[in-house]
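One protein chain, two forms: both are listed below as structure tokens, the first as structure 1 and the second as structure 2.
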Structure 1
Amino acid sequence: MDLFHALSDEDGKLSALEKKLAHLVLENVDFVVNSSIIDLAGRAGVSPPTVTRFCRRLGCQSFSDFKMQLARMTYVGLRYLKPEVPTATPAEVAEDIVTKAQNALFQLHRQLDLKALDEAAHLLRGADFIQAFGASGNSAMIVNELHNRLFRLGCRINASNDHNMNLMLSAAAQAGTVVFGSSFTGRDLGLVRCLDLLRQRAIPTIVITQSNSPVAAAADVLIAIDMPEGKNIFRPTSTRFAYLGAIDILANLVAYADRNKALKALRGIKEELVRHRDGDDRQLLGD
């Protein structure tokens, strides 16, 4: 399914002409998607059968299958292979940001470890109390969001963004507590210190962070988010969307782990909001 990877030919499995084709395709996705095999062959200076073989080698069933897969990726997946151009007009900025956010979500979906998420959800659902630790702007947002999602589901949860505080909270954590940590870089040493302490004290920990990082190593359950960084395409900005998506999935799984509890809590909040505001129940649960 990974056309994407295949086209960049990291394994060097393509022949010379096929490389040429791959290059042409990556540079002119729009053209390829809207042209026939004859046009493409003509433009690449090869024969149609070569194109067919190229598609097969890429793992597609046929040329049209290839075009389809390509078309499906263009919106979300392929653009980042192009060199980054300095965007200027508002329209370009908007397109760039939306595309990258969608890419981040796309990547999230591809690399999601559902087992880890499910395990995390059950841990959280079973906890008497949850501590959520983040730091700096991005992780702070993530743990606040976790707080915002989970308290609605009847979880007892506290979010904290202060390293010293986190350390004290870790030291004071009682059995039944589960700690959730977020670090985009995986190098938040303050968080690592907390996790080490918690492990000694047999308090279960869950982190959302980069795999192969100190934070990842120090936790019990890892929700890995690895966005390509080498090409500096996914700036922290768009990575946030992946984290946020992961939090939403996690929260949803927590809700489903005990639907009745979640429903009861949600209903209570909703009623209170409606009573408190002007009876307009079109309002969301939390503006």
Structure 2
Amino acid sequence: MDLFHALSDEDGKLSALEKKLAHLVLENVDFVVNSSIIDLAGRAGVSPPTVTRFCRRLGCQSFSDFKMQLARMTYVGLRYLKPEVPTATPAEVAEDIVTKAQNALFQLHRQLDLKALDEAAHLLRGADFIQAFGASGNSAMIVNELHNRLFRLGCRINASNDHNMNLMLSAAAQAGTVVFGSSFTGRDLGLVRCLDLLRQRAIPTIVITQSNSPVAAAADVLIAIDMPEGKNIFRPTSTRFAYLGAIDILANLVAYADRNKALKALRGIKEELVRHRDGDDRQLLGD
């Protein structure tokens, strides 16, 4: 049963009195969850039997069942039940997106653990092979970006976005391998399992994730990114700009850790692009 859908009366099935009760409930969820039927009836100015009939009208067996369903509904967060009114015009959307991206980068700069980044860069540069594990959208994009950044610096790297493949790669990892993992929530238990296995096999691990999370606790080196999510559920998360910024910083440190190796790889790539695509060196290193 979708109680929120029923309370919102998107199908226009509720009477005027029922709409009044539904509006009161949606505006006072915490009060209703913790109230008695007498409390709610008093707040709404109706009788307790009216509240009981209202609950049954919504598909609940009783007022107690209604409160249980209401409490369950709030698990997903009120911002997904009553989202803020988003900006609408192209100008407002552009301003919102760019501002949030800038804020994410400023927050990243203030909270960076430079020692952890330096340690991670030297682990990656010294690795014979790098495995990068991600899954579920944003984290998959981040490890693919790490692959995109590091291969051109002369690093041998593979990015994998499948939990089962990640586990098999962890079980097969050999000495000289370093594993990098990404998890925006820090609650990716599949990644935690891989990290635990890698620790047992003495394979160094690096993660970029939220601090004080299961993923963070399972890794050797933590690049922590802790940012609050906004209330506009329709806007793509700006946290990914912080992750991309951290990846760029890490890649730059990897390049500087062995400039000769990075330069040799970059020069070889650029020569091919100039010869077969660009005709000169003014274009980006990659399309």
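Since the structure is predicted, the reported quantities are computational estimates derived from the model, not experimental observations. Along the sequence of structure 1, residues get numbers from 1 upward. We call the rigid core the largest set of C-alpha positions that still match within 1.5 Å between the two forms.
K.L.:
Look at both copies of the chain and name the one that is the form predicted in complex with the DNA.
P.N.:
Between the two, the form predicted in complex with the DNA is shown as structure 1, not structure 2.
K.L.:
Is there a C-alpha shift of 2 Å or more at residue 245 between structures 1 and 2 once the rigid core is superposed?
P.N.:
No, the C-alpha position differs by under 2 Å between structures 1 and 2.
K.L.:
Given a core-based superposition, decide whether the C-alpha of residue 41 shifts by 2 Å or more between structures 1 and 2.
P.N.:
The answer is yes; the displacement is at least 2 Å.
K.L.:
Using a rigid core superposition, assess whether residue 257 undergoes a CA shift of 2 Å or more between structures 1 and 2.
P.N.:
Comparing forms between structures 1 and 2, the residue 257 CA shifts below 2 Å.
K.L.:
Give the C-alpha shift of residue 21 between structures 1 and 2, in Å, after superposing the two forms on their rigid core.
P.N.:
Its C-alpha moves by 40.2 Å once the cores are overlaid.
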